[in-house]
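Just the one chain here, laid out as structure tokens, in the form predicted alone.
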Amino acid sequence: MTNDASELDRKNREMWRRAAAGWGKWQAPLREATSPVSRWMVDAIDPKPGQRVLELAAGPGETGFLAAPRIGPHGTLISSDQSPEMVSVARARAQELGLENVEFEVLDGQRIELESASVDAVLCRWGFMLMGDAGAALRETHRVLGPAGRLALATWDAPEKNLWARAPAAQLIARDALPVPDPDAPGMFSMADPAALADRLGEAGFEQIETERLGFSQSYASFEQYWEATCDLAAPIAQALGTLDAGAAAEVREGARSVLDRFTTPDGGLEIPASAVVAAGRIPAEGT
């Protein structure tokens, strides 16, 4: 891994450490809004009783927790994240759900500290796109999967299909509080092209690759709730806002409001379209 990639990973760990409390706070509405993505991913790996499933970049863990009942008491879900604080959020949620077949690990997806061919399936929702070396992470994922092992992942679609995220980011970029995104660098929208994503999976050794765009909605009771959630959950945006004075921060907020006004519902809420790219692949069975 290059020095630049290592520095990016260090910054990411620090940002998501600070955001962990917000992900715990908002996990219920997030779970509901993003459930189409999580369900697609779990169905794609088709977990069976007794299997061993790894979730990378699990955050509050909800995608993997959908797989836990399907692998049953003799199976194991490894819920992992590079942030210990995120792992703590997931652990608390598993206790609420009464899940007893889950192990918790602090793991870096680019250097997975598990034996080769030690898991049957891997889930990674909105994680690979942020890693300093996504290619290494996909190769590591391939390494830890056993014969016929399956991977399912999600990334974000293009910015114009996710104005809930683009609106505040564009305001910050205009004020030089965020850099103009480099399309070749890791980031929220860096793996938005389904064809390019399929190529990445093929280069890492996966076969029977499928990709799909999956739309859903981000719902909020008001713009104020949207803004609070954004500041709690979007670590880069919160960090950039912290560099501005109060007047400039207020301008960013009102600029985002003007972009998102079109999604206001009759009761004053917001119903903002969102779009993910989901993908799945597998490695060959023994003897094939």
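Please read these numbers as outputs of a predicted model, since none were measured by experiment. Residue indices: 1-based, along the sequence shown.
There is another form of the same protein, the form predicted in complex with a small molecule; it is not shown, and what comes next is about it.
- Note on contacts: among 71, 165, 130, 191, the single residue with a heavy atom within 4.5 Å of the small molecule in the predicted complex is 130.
- This chain appears without its partner; in the predicted complex, the one residue of 110, 218, 155, 171 with a heavy atom within 4.5 Å of the small molecule is 110.
- With respect to the small molecule in the predicted complex, the three residues 47, 76 and 150 uniformly fall beyond 4.5 angstroms at the level of their nearest heavy atom.
- Although the partner is absent here, residue 86 is a contact residue: one of its heavy atoms lies within 4.5 angstroms of the small molecule in the predicted complex.
- With a 4.5 Å cutoff on heavy atoms, residue 104 does not count as touching the small molecule in the predicted complex; it lies far away.
- Among residues of the shown chain, residue 240 is not one whose heavy atoms approach the small molecule to within 4.5 Å in the predicted complex.
- Although the partner is absent here, residue 54 lies well away from the small molecule in the predicted complex, with no heavy atom inside 4.5 Å.
- Only one of 130-138, 206-214, 171-179, 92-100 places residue heavy atoms within 4.5 angstroms of the small molecule in the predicted complex, namely 130-138.
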